[in-house]
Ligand SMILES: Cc1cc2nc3c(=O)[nH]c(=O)nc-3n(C[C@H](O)[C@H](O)[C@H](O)COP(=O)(O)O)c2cc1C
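Take a look at this one chain, the form predicted alone, written out in structure tokens.
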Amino acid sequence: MNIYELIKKRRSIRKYEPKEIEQDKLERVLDAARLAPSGKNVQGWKFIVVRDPQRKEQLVDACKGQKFMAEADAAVAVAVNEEEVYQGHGNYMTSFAVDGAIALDHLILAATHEGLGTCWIGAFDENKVREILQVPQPYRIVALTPLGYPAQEGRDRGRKSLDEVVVFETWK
């Protein structure tokens, strides 16, 4: 499957099989995240892989009751060191959120290629996640995803047309 087919195939999965991810497959997916670009190539991230059932249940609560977080074989959190990253992104912010988002997107696309499901989780209580995973300051949690074998197909939620989201040269 080429990259464009892969991008179109990716879906948010909210139901998982009780099946363990093979170690080599997990490592390939994590390696894809590691290879993502980051501001000034700082690579200020950590990927926290959670497989312990009790800890995944705690993450369900920290992720606003999204029960499928505990169904998947693993949950992955992306934490980025806010002080270590590029400090002048856009000349107004640090790159921690962008760096973490790009890395998680690499992970999600690699997971899709491997036949695994994911679901971008942005609805979470950072302080609860930080406590559950024992994440030190100055790391910030950017997002999480369940990672496992899909028990159902994700639905196509549609996308806006190119005409709705692209302009050339200037805004007008």
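In this text, residue numbers run from 1 along the sequence as written. A quick note: this is a predicted structure, and the numbers were derived from the prediction, not measured.
Not on display, but discussed next: the form predicted in complex with the ligand.
Judged against the ligand in the model of the complex with a 4.5 angstroms heavy atom cut-off, the residues 15, 19 and 59 are out of contact without exception.
Not displayed here, the ligand is approached by residue 68 to within 4.5 Å at the level of heavy atoms in the model of the complex. Residue contact check for residue 33: none of its heavy atoms lie within 4.5 Å of the ligand in the model of the complex. Although the partner is absent here, residue 116 is not a contact residue: none of its heavy atoms lies within 4.5 angstroms of the ligand in the model of the complex. At a distance threshold of 4.5 angstroms between non-hydrogen atoms, residue 141 is out of contact with the ligand in the model of the complex. Among 53, 37, 122, 136, the residue placing a heavy atom within 4.5 Å of the ligand in the model of the complex is 122. Taking the ligand as positioned in the model of the complex, the residues of 143-172 that bring a heavy atom within 4.5 Å of it are, in sequence order, 155, 157, 159.
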